[in-house]
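Quick setup: one chain, the form predicted alone, written in structure tokens, and binding and motion questions come after.
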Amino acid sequence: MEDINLHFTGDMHALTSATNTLAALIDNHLHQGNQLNIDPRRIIWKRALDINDRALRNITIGLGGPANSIPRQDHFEITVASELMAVLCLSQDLDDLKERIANILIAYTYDKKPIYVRDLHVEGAITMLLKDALKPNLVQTLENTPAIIHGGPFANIAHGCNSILATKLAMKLGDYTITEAGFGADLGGEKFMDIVAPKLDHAPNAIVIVATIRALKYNGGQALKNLENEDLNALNLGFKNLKRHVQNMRYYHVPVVVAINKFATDTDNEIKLLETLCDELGVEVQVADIHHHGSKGGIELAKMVVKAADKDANYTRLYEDAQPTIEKIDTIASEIYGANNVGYSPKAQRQLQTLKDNVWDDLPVCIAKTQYSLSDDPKKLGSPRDFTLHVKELVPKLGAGFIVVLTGSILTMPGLPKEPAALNMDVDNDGRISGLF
């Protein structure tokens, strides 16, 4: 587990290197005469680092005189939010990877014409850096069963799903393939169904929503410090959050199952209440105690999922790509989040027009939003309704093939907390790591 969460196969390092190599090539082009007439103020390609380093969100580069390139403002984002991460996860093979990289929008000229990686003629070099990272990684569980780990775009700032190559490989090797979409069903779930599934050419046969009693009690008003205490009232109030997620996934006309991820502090009364509430909603529910009992704790859930996967499904997307970007955002905001209005910053309004002018309006949207709420406000818990979703920026990710919609106060380069997890990490003289879990 430690190896997987540290350097693993080097995929993350390859993505970081490829992202920053492209940034260096852009700045070198400026330094060497700028034949493409790139406006340094309109370079949208960002550097990347797989570290939460808030000091790198907004920086100035190229200082120190003419020998050190053109001074300009630059930005870093965390590697999991980089477009190359999304490109890696959505590519079908090396040729597709190279074509997607070539299509990446990196800047605009002084007369606001788009510039792509292919204009620099470096798509081959960037692809070369990712040729091994494109291969899915086979690992094993604690019980020595196979699992594939490949790709890691965060679902709050990216599309939140593992690679298409890994999923297709698993579908060829097993009778059933289970893949995860990160964070809540309003984030990873929606993005898998509307962005990834159409590219897989195979919609899911069933959807499993993983719920915890702790999270539902928190959404029902119980304080974080008291979550280990039984509180049936908070659980009952917080159930409306799970209810919304179930209703949202039902929009896609695929069977839905709820898995209760059991914690040691969950009481019998709480489990019974949650099962009753799910029964009243008409959704199948099963406790999974895999943390304590391994695979044996998930057998009944597995049986339920198999039955659900055998039911009739009629996968339907929430929107069609041909709809204008603003309509797609409105649809997700109202149907999935519960908003009654979408507000656009002046910058976002200008960018909506840019999408139309460049005929980029027919791409799916990937909304970057807090994972703590169905809204863009992390303090709005439960099942908020009739609020405004605030869109501050739209970024065309043409290599990935979607438009990133930044909302609320979401950041693509997070920062570390007051007490970083690093304070509890260590390694002994035998190389044994502690504090990662």
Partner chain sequence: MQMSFPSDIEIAQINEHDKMKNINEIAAKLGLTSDDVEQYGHFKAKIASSGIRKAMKNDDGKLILVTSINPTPAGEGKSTLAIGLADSLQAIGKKSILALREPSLGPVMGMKGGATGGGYAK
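Just so we're clear, the structure is a prediction, and the values are computed from it rather than from any experiment. Numbering follows the first chain given and starts at 1.
A second form of this protein, the form predicted together with its partner chain, is not displayed here; the remarks below concern that form.
Not one of 26, 112 and 326 is positioned with any heavy atom within 4.5 Å of its partner chain in the predicted complex. Heavy atoms within 4.5 Å of its partner chain in the predicted complex belong, among the stretches 114-122, 137-145, 97-105, 355-363, to residues of 137-145. In the predicted complex, at least one heavy atom of residue 50 sits within 4.5 Å of a heavy atom of its partner chain. With a 4.5 Å cutoff on heavy atoms, residue 263 counts as touching its partner chain in the predicted complex.
In the predicted complex, its partner chain sits within 4.5 Å of a heavy atom belonging to residue 133. In the predicted complex, at least one heavy atom of residue 162 sits within 4.5 Å of a heavy atom of its partner chain.
In summary, among the residues 274, 195, 216, 90, the only one with a non-hydrogen atom within 4.5 Å of its partner chain in the predicted complex is 216. The contact with its partner chain in the predicted complex, taken as any heavy atom within 4.5 Å, belongs to 227 out of 318, 129, 281, 227. Heavy atoms closer than or equal to 4.5 Å to its partner chain in the predicted complex belong, across 173-199, to the residues 173, 174, 175, 176, 177, 178, 179, 180, 181, 182, 183, 184, 185, 186, 189, 192, 193, ordered by sequence position.
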